[in-house]
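Shown here is one chain on its own, the form predicted alone, set out as structure tokens.
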């Protein structure tokens, strides 16, 4: 099983107030009209090599799940419990995010 692990040199934090707001809107889709950009709020901030990155709710959730205990399938299963989207779409989004993060050396996939 190839587990997903964040690079240990990366500093990061969850922006709890932003995450809470995004989760509230996710739980009540009628509220999207109040702030259509809420799902793009940076809910996790990472600092790597002097560069700051803001991850939206989905990216932030993926980031926190890459703790060295889960493979892609387990991360996908966790995400499906939070986001109301079909498995194929979410799997594609997960693969794109991981390809970007792995390409930047921020996440590793190791046996």
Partner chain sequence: MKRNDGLLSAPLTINWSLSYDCNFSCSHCYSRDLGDGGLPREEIFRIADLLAAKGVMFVNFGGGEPLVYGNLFDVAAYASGAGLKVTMNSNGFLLERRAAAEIARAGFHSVGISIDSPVREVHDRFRNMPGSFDRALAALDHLREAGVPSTVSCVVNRLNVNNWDGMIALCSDHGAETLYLHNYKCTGMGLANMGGLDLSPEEWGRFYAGALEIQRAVNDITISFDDPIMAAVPGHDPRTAVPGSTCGKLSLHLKPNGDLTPCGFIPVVIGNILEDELDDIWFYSPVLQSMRAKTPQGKCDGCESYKTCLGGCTARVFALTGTFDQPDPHCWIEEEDRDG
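Predicted, not measured: the structure shown is a model, and the values here were computed from it. Positions refer to the first chain, counted from 1.
The next section is about a form of this same protein that is not shown, the form predicted in complex with the partner chain.
In the model of the complex, none of the heavy atoms of residue 65 sits within 4.5 Å of a heavy atom of the partner chain. For residue 27, no non-hydrogen atom is located within 4.5 Å of the partner chain in the model of the complex, even though that partner is not displayed. Within 4.5 Å of any heavy atom of the partner chain in the model of the complex lies no heavy atom of residue 39. Taking non-hydrogen atoms only, residue 16 approaches the partner chain to within 4.5 angstroms in the model of the complex. Taking a 4.5 Å heavy atom cutoff to the partner chain in the model of the complex, the contacting residues in 38 to 75 are 41, 45, 47, 52, 54.
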